[in-house]
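Take a look at this single chain in structure tokens; it is the form predicted on its own.
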């Protein structure tokens, strides 16, 4: 049944009549001026000059769980100054259920209905099988069960009524996803609460839309000065850029008797160059060269060149002009999942900003940053998801590696190597020796990791504690042993821990987002296990306490019975570089 509302009050009344209250799913599609709702069997068209006023009014009054196809709708809401509390993001939940990163509506719909994705219609396709026979082109679902390609491509934007119809399809997809997630949990296929994970993942997508909109504070003038000091002024033309490259290269070539034919941007050339000065290495990775600085001065010059080159080509003047707005905010696209084990990702350098540039990430006047980093998060998560009681007891210590060292009878540094070797599957050298101690000291945790590794080696996809499917790769004939199988095993054992850690981190992040309330504070960066908040100076200590409370709440929500203690390293700083 289609209804039309013309005002915020009418929108509230109509949805209330359908039983909408806090947490009840309401489909929403919003793009440009087209906004539509769906609840139950009803589609609701918003015919109002400012349709977003209706969304804001419903959010404030009823607090539903907004069902969206993807973060595109969340982005539209944020651009219209609407920040909703909770959501169900169909695309994000599909990544959770099916693994990988592809999550367009056609793929999601085919997956949920068991349809052959190879037959998914595409726009302009001539259907020789008659799939469109008798089809009502105004409907998003074809008679053969597939979504119409035109709707997937955006024809729903043509009117509010079409937006409402598209919201109704999203609502149907969400309902099917919810049933599949519940089945995973009740069947025991997932140890945690998969539906709760989906809710957290979806709300993390709301946070991503806000991060992309708000940006990270940058002192633009300081950035120009710093970049210029490192790589020179902004090139005015190709000749200037070429001269900058020659100048950077010359600092390395000065340590060679001859630089003929050497291209520093070609790894093979660099290896050959190093061989000529007596340094033979299998590759030229920075960590390998670090220990060779004293062998020949060209190594030190090469490492310095790499830093300059990275700034010049990736984080230089062009990067600053393209990604930092006139308001001094660095902006890039965000996603709540990388398509692998589930870590948040960001573009425009937000996740790989060189340490040299952290000095220019500066809080605005009257504000500070509150930075919180989860301490030793992966071994603590391992204790939780494996149920190893001895490892759980070790988490009660501020430094988990200290009690592990005592139990294994080794130095703390060796204990740390042992724990990391267990999670990353290292078996040689010092790591291999330390790993044997883990097998006797923490057998339950090791059995958990070994089981994941065995699945990976066999090419069997795994699911994390919270239910994310992690694809380990295809297995070909004769590929059950050897290097490929070993690599899959290492990936699987680490993904079980890293994926669960990503789930806990996002529960923490969205809990903080929800609890900030009226405080003048916003999350401006999520970096692996680190939160950075931009906070009014007189609220900073209150936010520090809030972060700790939210971690306790998030840990309980994520794994109510683990008994594992999670800790943060929290500091108040004006520049991100000051957070050590």
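Because the structure is predicted, anything quoted here is derived from the model rather than measured. Residue numbers count along the first chain shown, from 1. Between two forms, the rigid core is defined as the largest C-alpha subset superposing within 1.5 Å.
One more form of this protein, predicted together with the DNA, exists but is not displayed; see below.
Contact annotation: of the candidates 366, 291, 354, 325, the single residue with a non-hydrogen atom within 4.5 angstroms of the DNA in the model of the complex is 354.
The listed set 307, 220, 255, 107 contains one residue whose heavy atoms approach the DNA in the model of the complex to within 4.5 Å, identified as 307. Although the partner is absent here, residue 33 is not a contact residue: none of its heavy atoms lies within 4.5 angstroms of the DNA in the model of the complex. Shown alone here, residue 97 lies farther than 4.5 Å from the DNA in the model of the complex, counting heavy atoms only. Interface membership of residue 265, defined by any non-hydrogen atom within 4.5 Å of the DNA in the model of the complex, is confirmed. Taking the partner from the other structure, the DNA in the model of the complex has a heavy atom within 4.5 Å of a heavy atom of residue 338. Remark: none of the three candidate residues (3, 120 and 176) comes within 4.5 Å of the DNA in the model of the complex, counting heavy atoms only. Judged by heavy atoms within 4.5 Å of the DNA in the model of the complex, the contact stretch among the candidates 507-515, 527-535, 547-555, 55-63 is 527-535.
Contact annotation for 341-371: residues with any non-hydrogen atom within 4.5 angstroms of the DNA in the model of the complex are 343, 345, 346, 347, 348, 349, 351, 352, 353, 354, 355, 358, listed in sequence order.
Shown in the overlay between the shown form and the other one, fitted on the rigid core, is a CA shift at residue 302 of 2 Å or greater. Taking the rigid core as fixed, one finds a CA shift for residue 321 smaller than 2 Å between the shown form and the other one. With the core held fixed, residue 72 shows a CA shift below 2 Å between the shown form and the other one.
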